[in-house]
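Here you get one chain, nothing else, as structure tokens; it is the form predicted on its own.
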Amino acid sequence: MIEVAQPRSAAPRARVGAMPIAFLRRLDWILLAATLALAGYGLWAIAGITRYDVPGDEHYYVVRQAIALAVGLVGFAVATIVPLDLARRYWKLVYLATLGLMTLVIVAAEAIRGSRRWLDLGVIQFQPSELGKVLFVLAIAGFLVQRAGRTVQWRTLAAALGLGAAPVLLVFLQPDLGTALVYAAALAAVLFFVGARWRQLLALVALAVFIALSVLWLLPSVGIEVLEPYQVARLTLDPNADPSGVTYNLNQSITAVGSGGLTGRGVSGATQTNLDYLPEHATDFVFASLAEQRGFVGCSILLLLYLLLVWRGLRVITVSRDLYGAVVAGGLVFAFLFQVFVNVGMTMGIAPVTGIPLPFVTVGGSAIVANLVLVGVLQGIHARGHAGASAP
């Protein structure tokens, strides 16, 4: 009797076929749901905020934001699937890519309202500093984790600060003070999560305070102006400094937030937004427009969605299978939270007006793509962390 032998590769093939399904099961579905809810809520908010911005085309900005969202979902999938270990091993290339993008902006970008932040790619304009936030964390974390046993040494911390200072300076020179602050906050978070001692962190805080004081007061007192006058006025949080000039936006923002009340004035009744009393109402001050149109209730929903995303992002740190994943997750989540805090705070006069976009709500394709890539990296860490925990 002749028996038909089963191919030995049948079982391995079955396992290979099941791998994508197993990977999907290990995703953080609550984090994914929070991300999609934020993206959807942002589109809904933009539909109301920009309805009267383009006469004859009330969906102009919504359509473009939806296209950017679709591109961002592709970036999300890629960031989830690509092993994070590649960034750890080739962190130098990631760092050089970050520097290259920032340098290219300064050299090749066209000046728009005095700033060089966007690369014109023909059909779209791309802001490299947004994606650079993710690349920056991946690179600095790779450098520090590679020297994990020496992170308590001042030499290692000084080297990390030197590496971080170059991208921060290049972004600042665009000029983009807000994004430079996000980079600096991400660097501080990476140092914290990698295990820097408290006295070292306190020393870095003292250094940051000294730099801020020098830029705002000490250097100008001897005739060295680092910032433009409008930047100083915004950073010093003085809404009465020039109500009809440099602090006009801040005063109109505070008025818009207060006029929203509990449930908002609706799209048609939001005069601060619709009549352009509030400049940059779809970008820097989009939260103020949301507050005017949807009130305390609408803003609370948005903030709760942010809280849910941050909570699940912090949970990713606990399930990471290695130090690099934990440090990257911590740096990305803190950078995300920093953007939310500063943007919301500046609309109410409790944080400096720095032009930091509000994640998933501010009109701008680069920002939403970068935020989806950020969440994709977190999802990849979560999935592989659970894979390591379930391995025999």
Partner chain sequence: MREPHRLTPQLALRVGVLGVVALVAFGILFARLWSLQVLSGDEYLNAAQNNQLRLVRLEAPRGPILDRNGRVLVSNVAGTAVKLWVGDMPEKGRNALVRRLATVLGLSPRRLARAVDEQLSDPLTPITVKTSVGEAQVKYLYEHRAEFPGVEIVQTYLRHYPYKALAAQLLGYVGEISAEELERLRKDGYRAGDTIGKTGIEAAYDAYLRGVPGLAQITVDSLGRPQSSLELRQEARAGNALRLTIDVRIQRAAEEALRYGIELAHANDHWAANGGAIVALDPRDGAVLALASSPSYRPSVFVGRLDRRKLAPLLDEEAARRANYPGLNRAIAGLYPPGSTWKPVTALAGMQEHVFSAYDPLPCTPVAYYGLDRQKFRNWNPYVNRPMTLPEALAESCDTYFYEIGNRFYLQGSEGRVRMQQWARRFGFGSPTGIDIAGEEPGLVPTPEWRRKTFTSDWDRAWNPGDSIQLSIGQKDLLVTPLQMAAFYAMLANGGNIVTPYLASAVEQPGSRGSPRLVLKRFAPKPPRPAGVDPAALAAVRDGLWRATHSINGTASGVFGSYEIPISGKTGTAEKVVPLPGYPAGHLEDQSWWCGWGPSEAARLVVCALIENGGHGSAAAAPAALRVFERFFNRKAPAPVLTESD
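Positions refer to the first chain, counted from 1. Keep in mind that this is a model prediction, so the values were computed, not measured.
The same protein also exists as the form predicted together with its partner chain; that form is not shown, yet it is the one meant from here on.
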ask   = Where, among 154 to 162, 68 to 76, 267 to 275, 125 to 133, do residues come within 4.5 Å of its partner chain in the predicted bound form by heavy atom distance?
value = 267 to 275
request  = Report the residue, out of A166, A203, I317, A185, that has at least one non-hydrogen atom within 4.5 angstroms of its partner chain in the predicted bound form.
outcome  = I317
The unique member of I106, V209, L303, L86 whose heavy atoms fall within 4.5 Å of its partner chain in the predicted bound form = L303
key: Close approach of G258 to its partner chain in the predicted bound form, 4.5 Å, heavy atom   = yes
ask   = Applying a 4.5 Å heavy atom distance criterion, does L43 contact its partner chain in the predicted bound form?
value = no
ask   = Is F341 one of the residues lying within 4.5 Å of its partner chain in the predicted bound form, judged by heavy atom distances?
value = yes
message = My question is simply whether A139 lines the interface with its partner chain in the predicted bound form - judged by any non-hydrogen atom within 4.5 Å.
response = no
task = Given its partner chain in the predicted bound form, answer whether the residues F23, G178 and N249 all have a heavy atom inside 4.5 Å of it.
result = no
ask   = For the stretch 289 to 303, which residues lie within 4.5 Å of its partner chain in the predicted bound form by non-hydrogen atom distance?
value = A291, G295, F296, C299, S300, L303
